[in-house]
Structure formats: structure tokens, C-alpha cells
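We give C-alpha cells for two forms of one protein chain below, kept apart as structure 1 and structure 2.
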Structure 1
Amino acid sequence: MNRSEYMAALRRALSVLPEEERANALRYYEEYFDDAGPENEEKVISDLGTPEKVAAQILADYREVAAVPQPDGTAPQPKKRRWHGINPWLLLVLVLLAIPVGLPLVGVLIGLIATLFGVLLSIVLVVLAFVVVVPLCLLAAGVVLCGISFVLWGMPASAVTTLGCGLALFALGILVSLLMIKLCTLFLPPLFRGLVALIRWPFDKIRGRTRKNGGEAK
């Protein structure tokens, strides 16, 4: 069999392909022969195998992306869905066996998360109480001392001293309030974001694993 006979046989074997696809496939093997040269035709034919074998491989590749009629004219058979990975029945048995062990572990995990959440929430509440209580105490002390100073005007030295202390405490309360507000704007948002991310982490891991396992079933 020479090149012309080989290509003619391949053209007949690919007759079920659309014209454009058949032309592309034939062009590829024509160029393959051209690159090898006339002196290597026999070697190329030997390496490629029979035209029927080459055509069967081309048709099999094409059926991966399009429905192509079978050589006998019958309709293509749909591919059966295969389960890649662990057998579903074995997975069910493993799940049933893991329930007695998994439930306590889930309880422990939930308890740890709840404990951590409680500790972090307590820290946040203490910080917020400190942020609110300290400035309010300073402001209240300053107002009280300023009020007492008016009562002590019979003793000018004591009145002035008390008024000065009251104004100083009031000013300190304002400064501490501004400082606390600044610290809250800097540290509380990242703290809350970290707390939310920590709580969501196990659920995101479970969700990601579920999607991954679901994507393996084809």
C-alpha cells in the first residue's frame, strides 16, 4: 500500500465525519507524509498502522466532544455515568461506623468553638467596658469637682485648687475618650473580622470538602 492508497482508504473510513472535520484530519496526515518525505512512505504507514485503526482513533476522539453516528449507522450510545473515587456503599458503611466516634468529636469541637467564642466575647466586653467606664468616670469626677469648687468660694485657695483639679480631670476625660475612640476604630474591626473568620473556618472547610467530593462524581 502506498501513500495514495492509504489516504484513500482513510478518507473512506472517515466518511461519517462532517466534511470540515474530515478535511482537517486528512490534511494533518497529508502533512505528516510530506514531512517524512517520499522515501519514508513505507515507514510512516508502518508506524501509523492500518487506515481503519487510525480512523477508529479519530472517531473515538471526536465522539468525546460531539455525537457522531457509528460506522454501522446506529445512533451513538450515551456514556454511562461513572463514580470516580470510593464506592458509595463502602462510603455509607464507613459513615455508619464513624457515627459513634464522630458525634462525640463533633460535640467536643462545638464545645471548643463555644468556649473560644465566650472567651473572645468576654475580652471584647471588658475592653468595651473599660473604653466606656474610664472616660465617663474622669468626666464625671471633673464635673463634680468643678461643682464643689463653687461651694468653696469662701476659701478662695481651696476653691481655685478644686476647680483646677476638676477642669484637669474633665480635660483628661475628653482626651481619654478621643484616644479610646481612635483605638476602637483601629483594633475592633480587625478583631471582629478575625472572630467571624475563626467561627466560619470549620464550616468553610466542610463546605469546600463537600464541593470537592461532589465534583469527583462524573
Structure 2
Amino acid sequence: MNRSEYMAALRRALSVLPEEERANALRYYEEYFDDAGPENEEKVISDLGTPEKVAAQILADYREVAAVPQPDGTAPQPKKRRWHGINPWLLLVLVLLAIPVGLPLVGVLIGLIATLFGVLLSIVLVVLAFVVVVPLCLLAAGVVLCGISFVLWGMPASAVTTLGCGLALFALGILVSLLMIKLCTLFLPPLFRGLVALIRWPFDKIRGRTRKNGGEAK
């Protein structure tokens, strides 16, 4: 290890110190090397010991001095715990005063959220009904028409026409069912995720941890 490597290691080992403290310590040891002279570089390094050892001594002393801020030598006193921010009694009074105003506001807020939720739920139900009911109706109509055609055997032409229509409707019902299943697999997961993200959004906001971007649906 040469001088510059030694100083770099010392700088790293002192990285927890405030900038000024670290600069002072590094300057002291730079000067120490300068004053010892380049011919004594190796001796200084071996005399000083590892950079980590040197740093440990500085850090230990720094903590000690930091705990004793009074330069006049009075005994170190543990810092008194103080309430930062609002006095708790004042806070209580504020809360009590805020209740008449706050309760209706909270009520309105809950109402709004409930309404929003209701609307979303009804939209989902309508879509679901549509998706389920339309194919089922088509299938049912097909079956019913086929059934009617058996009653109409007295008039073969009508019976065959009705049967044909029934079968066609039944087939259409199967097709629409397949289409709906396909549409569901395509659109339901993203819709669901979006919904979840929408519901989570206010909670994330409350936590205040929502990133400026990407806080919503991922």
C-alpha cells in the first residue's frame, strides 16, 4: 500500500463523518506524510497502522466529543425529550373543535366513495348480465324453436322452416358464447387490475408514498 492508497482507504473509512470533520482529519494525515518526508512513507504507514484502525480512533473520539457539546467541561447531560410540533392538549382541543365540521365532511366523503363504488359495481353487473344473458337467450330461443317445429309436423314446410331457424339461432348462441368467453379472457383481467388500482389509489395517496409516476396500475 502506498501513500495515496492509504489516504483513499482512510477517506472511505471516515465516510460517516461530516464533510468538514473528515477533511480536517485527512488534511492532518496528508501533512503528517509531508512532514515525515517521502523517504519515510513506508515507515509512516507501518507506524500508523491500518487506515481502519486510525479511522476507528477518530470515530470513537468524535462520538465522545459529540456527546459532550459543552466546551466548559460541564458534565454531559442527556438531551431532554421535548415535544416537537403541536402540544398534545392543543391537538385534543383542535380535534374536539373539528368534530362538528369534520363529521359531515367525513360522511360526504364516505357517501361519495360509496356512490362511486355502487356505480362501478352496477356497470360491472350490467356488462356481466349482457355477457351471460345474450348467449343464453339465443341458445334458449334456438331450443324453443326446435321444440315448436316438432309440434308443427302437420305442416312440414313450417316445421322445417322453424327447425331451421331454431338450429340457426342455437348455432348463433354457441358462437356468441364463444365470442363472449374470448372477450372475457381478453378484457376482464386488465379491467380487474384497473379496478383494483383505482380502489388502492386513495390508500396509497393517504400513505403519501405514491411515487410521482407509476403509483397507479402497474
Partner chain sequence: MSYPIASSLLDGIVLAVVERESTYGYRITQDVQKVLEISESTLYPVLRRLQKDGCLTTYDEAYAGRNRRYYKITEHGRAQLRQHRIDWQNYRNGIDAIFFGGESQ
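Between two forms, the rigid core is defined as the largest C-alpha subset superposing within 1.5 Å. A quick note: this is a predicted structure, and the numbers were derived from the prediction, not measured. Throughout, residue numbering runs from 1 along the sequence of structure 1.
Chemist: Of these two forms of the chain, identify the one that is the form predicted alone.
Modeler: Between the two, the form predicted alone is shown as structure 1, not structure 2.
Chemist: Aligned on the rigid core, do the two forms place the Cα of residue 18 2 Å or more apart, comparing between structures 1 and 2?
Modeler: Shift at residue 18: 2 Å or more after core fit.
Chemist: Tell me, please, whether between structures 1 and 2 the C-alpha of residue 29 is shifted by 2 Å or more, with the rigid core used for superposition.
Modeler: Indeed, residue 29 is displaced by 2 Å or more.
Chemist: Superpose the two forms on their rigid core, then report whether the C-alpha of residue 116 is displaced by 2 angstroms or more between structures 1 and 2.
Modeler: Yes.
Chemist: Taking the rigid core as the frame, how far in Å does the Cα of residue 59 move between structures 1 and 2?
Modeler: Spelling it out: core superposed, C-alpha of residue 59 shifted, distance 5.9 Å.
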